[in-house]
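Just one chain is shown here, as structure tokens, and it is the form predicted alone.
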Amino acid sequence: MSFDPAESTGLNQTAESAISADGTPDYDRTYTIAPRTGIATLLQAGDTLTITNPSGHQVCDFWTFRYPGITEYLSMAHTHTALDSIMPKPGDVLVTNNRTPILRFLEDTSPGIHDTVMAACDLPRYHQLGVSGYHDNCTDNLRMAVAAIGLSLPAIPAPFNVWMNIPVEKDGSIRWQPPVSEKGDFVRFEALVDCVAVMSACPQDLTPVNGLDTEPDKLTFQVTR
């Protein structure tokens, strides 16, 4: 079966949640990303994007694509090389698959534990976890959010999993752990080029990455100039 990175395997509210026809935001307005869904927003070079975690336990899968072509995108693998680290922190510059600076990480009120190793959840992952039928997932949220503003996704990059806690052990093994962020924590980025930012309130409810004894929750974001 052929693979089309732009084709969703199912639908949810994301498909109808565009903040505007082309993703242009209202500056200083607080937008809500409903649990299990995603939203895309345009950022102009110099804009600041703040993503807030109201519950404290919700992971945000986060991508940026250089605009208008969107074939160049934030790359975790290239950013690892640029930073000599798998854990971005305030002051760091994040780069694309062409090694172009795309974001500056400005501020982080959480303890700074995020993931840049794991792929976004998708329908095959939930089937591996025992789900029958459809399950909301970050890959489809990315696809639908981009399509909702009239764009076609060229690839499925690995996301910057904000607040996701995946410890990497000395032997190379990993563990799936609850976030260590707290209610109201936020991260803030500066766009260094025009780009499309996509945020997914991760629907994962079969591992503890969105907390223990909790359900996936909302996120909020704001774009300022």
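Note that residue numbering follows the sequence shown and begins at 1. Bear in mind that the values here come from a model prediction, so they are computed numbers and not experimental data.
Although not depicted, the form predicted in complex with another copy of the chain is the subject of the following passage.
**Student:** Tell me which of 52-60, 180-188, 66-74, 24-32 has residues with heavy atoms within 4.5 angstroms of another copy of the chain in the model of the complex?
**Tutor:** It is the stretch 66-74.
**Student:** Just one of P111, G133, G150, P124 has a heavy atom within 4.5 angstroms of another copy of the chain in the model of the complex, so which one?
**Tutor:** None of the other options qualify; the answer is P124.
**Student:** Contact with another copy of the chain in the model of the complex for A120, defined as at least one heavy atom pair within 4.5 Å: yes or no?
**Tutor:** Yes - in the model of the complex, heavy atoms of A120 and another copy of the chain come within 4.5 Å of each other.
**Student:** Indicate whether another copy of the chain has at least one heavy atom within 4.5 Å of a heavy atom of V168 in the model of the complex.
**Tutor:** Judged by the heavy-atom cut-off of 4.5 Å, V168 is in contact with another copy of the chain in the model of the complex.
**Student:** Answer with yes or no whether I174 is in contact with another copy of the chain in the model of the complex, where contact means some heavy atom within 4.5 Å.
**Tutor:** It does: once another copy of the chain is placed as it appears in the model of the complex, I174 has a heavy atom within 4.5 Å of it.
**Student:** Contact between H80 and another copy of the chain in the model of the complex at 4.5 Å, heavy atoms?
**Tutor:** Because a heavy atom of H80 falls inside 4.5 Å of another copy of the chain in the model of the complex, the answer is yes.
**Student:** Listed by sequence position, which residues of 130-161 have a non-hydrogen atom within 4.5 angstroms of another copy of the chain in the model of the complex?
**Tutor:** Counting only heavy atoms within 4.5 Å of another copy of the chain in the model of the complex, the contacting residues of 130-161 are A155, I156, A158.
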